[in-house]
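Okay, here we've got a single chain as structure tokens, the form predicted on its own, with questions on binding and movement later.
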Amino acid sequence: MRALRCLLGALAGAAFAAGLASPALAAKDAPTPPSQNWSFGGVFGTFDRASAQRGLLVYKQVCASCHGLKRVAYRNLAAIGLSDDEIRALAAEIVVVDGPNDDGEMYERPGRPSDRFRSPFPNEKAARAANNGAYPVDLSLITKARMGGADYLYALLTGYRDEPPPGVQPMEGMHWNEYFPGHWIAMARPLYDDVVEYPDGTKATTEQMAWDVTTFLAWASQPYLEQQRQIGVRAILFLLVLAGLTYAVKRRVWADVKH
């Protein structure tokens, strides 16, 4: 079952690379994804904690079987509202090979909050073997690595169609997506209505799950975005005040100078 899920989650980039060799795949670029009104957009935007937590659940239950999140440590999840107990329980679900111990041997232990998310495969060759030669991308920086960022990821997850447009010949093992460059993508549609159950009672539609997991992965890509914006706003305010004081001092110093 895991091998099947991972085959369905094959690397989209590899599909595009394969498409370069086929005129049918590279017929035209995908349209620009629609701009979405993200809570974290704009100068004063912040991440929707509830949405990010739901997105974490989608990542765990749908994406994590093939895609890693190696740049995120479990303790970082406190930033999206998880409690210490929740973080410790989540980390303890994995088994980590650690060591060596006093006898010089490696040993296994439950995960700790300081551990990073475990990759689903031990190495690249194992990942490719499970995914028909493709290497599933790590999702830690996915919204920064793709043109269009969060808008593109949301459009990709909601852009699958059961059949290609009329006149387009279906391709075996490939799937039509409105927003993937070349349109044919190896990764099968990952999200379907109610594929996960949200504990807060939110209806798990395809669009809602895509929105939530995109919010979570946008946070994972830029976990310090809010702090950076706060620093930037404070710096601008400081410079404005400094400019005002400088102008006032200049006026005072030169007030008695006759022209």
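Not measured: the values here are computed from a predicted model. Quick note: we count residues from 1 along the sequence shown, nothing fancier.
Another form exists, predicted together with ligand HEC; not displayed. Remarks below refer to it.
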Is it the case in the model of the complex that A52, A150 and A220 each bring at least one heavy atom within 4.5 Å of ligand HEC? no
**Request:** Answer for R118 alone: is it within 4.5 Å of ligand HEC in the model of the complex, judged on heavy atom distances?
**Result:** no
inquiry  = Residue-level contact is defined here as any heavy atom of the residue lying within 4.5 Å of ligand HEC in the model of the complex; does R88 satisfy this criterion?
reply    = no
Contact test in the model of the complex: N131 vs ligand HEC, heavy atoms, 4.5 Å
yes
Although the partner isn't part of this model, could you tell me whether I80 comes within 4.5 Å of ligand HEC in the model of the complex, counting any heavy atom of the residue? no
Here the chain appears without its partner; judged in the model of the complex, the stretch of 91-99, 68-76, 162-170, 184-192 with heavy atoms within 4.5 Å of ligand HEC is 184-192
Taking ligand HEC in the model of the complex and a 4.5 Å non-hydrogen atom cutoff, the residues of 129-152 making contact are N131, A134, Y135, P136, V137, L139, I142, R146, Y152
